[in-house]
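Consider the single chain below, provided in structure tokens and representing the form predicted on its own.
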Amino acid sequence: MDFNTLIDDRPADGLFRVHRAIFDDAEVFEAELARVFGGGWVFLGLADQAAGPHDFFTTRIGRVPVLVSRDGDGSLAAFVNSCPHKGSMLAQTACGNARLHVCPYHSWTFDSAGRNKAVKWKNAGGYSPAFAQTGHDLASLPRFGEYRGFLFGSLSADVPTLEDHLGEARKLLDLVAGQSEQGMELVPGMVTFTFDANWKLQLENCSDAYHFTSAHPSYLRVLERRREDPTTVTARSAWDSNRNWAEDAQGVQGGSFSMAHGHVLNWGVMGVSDAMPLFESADALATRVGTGARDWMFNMRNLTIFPNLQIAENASSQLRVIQPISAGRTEMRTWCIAPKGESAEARRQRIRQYEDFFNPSGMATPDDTVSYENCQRGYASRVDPWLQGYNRGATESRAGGNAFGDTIGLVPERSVAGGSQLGDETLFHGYYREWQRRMAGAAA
């Protein structure tokens, strides 16, 4: 299959379309695992997940199991979580602390730095001299890097530096990591769930401002009832407090930024509000990072680092990791994230808002996953194979940045700003141009 034919990208004609096969074709999916996930940088987790000596956590790049481990000297490294003897997955749990990892199949043993420490019954094994001359350590990921506690790895060595890969998106990660001088942490309690739809639907939805009032009417009705009887409110909502979002003289209430390598931000002006847990640090943040960066920390921000990391900061703060399983099935791993050192009251408020909005038990995620699965069913049609959901905002998209991004020195490839009903879709173009680039085998 010629994957280039699945994206109809004609900027001069103001047209961008995506073929339905990109979401449900098994050949496309297998190529994505090899080229999108196997051929470039992929988010692995936070350094805080392995904070102490011998701490570890496990994850995947596509189907490849990965072990991230901190050794006794405090150094982090990432390995293929597979014993070199017979290939069995080594670490069996999501996280833990282990000086030694023992393969459950034949008991080969490795330390927290990935070094082979024992081959069971080696002296009695009749091994050839060639075996003794072969390395038996765990295979390190060809590339592994960290930016402000965010860990990334690549199954290919032929990739740009992590700094180049992240590019301007580093300034948006700074808005997350910079909310505390000590950085961010995961609030205990990972949630894992699956939905029967393609992984790119999650990629799109986090950046989709157009769907909110259509897909989440029950949540909006709850907010209405809470306003009618505020004494019964158990979780204050930033959405409710800022129903009339701030706007400038041109009526701008939000927009999007598109950056190199498929990273995008969907944003809305929310203002410095006491409905947000970060409010207790508002003055201190203005002093430490400047008023512009502080105000951006209070804005609604849905950030995607292509292809699998999303940070949603609106009702609360959520870290999402996208794990593709098949063309029509996706696993999500999600956490509430928080600045280290916030007060007990701010943490309580953050968790209540998080529970209110996010995850399968919240009032937004179930609506979204139902929509993904409805779309996946609809992709079976090839009567008209081209999807048209990528053209809102075309006349508002501008090359380079704008005054809103200037306050944090952001220089994106493209920017959009407008009113609350704009619902920009041009930021999806960045996803699919990077998708197309990786599918063509470009180093990423």
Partner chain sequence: MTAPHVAELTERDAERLLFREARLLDNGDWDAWLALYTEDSTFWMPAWRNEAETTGDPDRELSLIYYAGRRGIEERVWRARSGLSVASTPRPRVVHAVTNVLLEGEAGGEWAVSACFTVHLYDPRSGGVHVNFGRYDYRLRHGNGNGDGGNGGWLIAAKTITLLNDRIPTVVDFYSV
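Since this is a predicted model, take the numbers as computed values, not measurements. Positions refer to the first chain, counted from 1.
This next part talks about the form predicted in complex with the partner chain, which is not shown.
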Is residue 190 a contact residue for the partner chain in the predicted complex, using a 4.5 Å heavy atom cut-off? yes
Classify residue 363 as contacting or not contacting the partner chain in the predicted complex by the rule of any non-hydrogen atom within 4.5 angstroms, answering yes or no. yes
Answer for residue 195 alone: is it within 4.5 Å of the partner chain in the predicted complex, judged on heavy atom distances? yes
Quick check on residue 374: any heavy atom within 4.5 Å of the partner chain in the predicted complex? yes
Of the options 174, 280, 111, 331, which one has a non-hydrogen atom that comes within 4.5 Å of the partner chain in the predicted complex? 331
Assert contact residue (the partner chain, in the predicted complex, non-hydrogen atom within 4.5 Å, options 162, 103, 206, 222) equals 222
Thinking of the partner chain in the predicted complex, which stretch from 410-418, 43-51, 374-382, 25-33 has heavy atoms inside 4.5 Å of it? 374-382
94, 217 and 226 each touching the partner chain in the predicted complex (heavy atom, 4.5 Å): yes
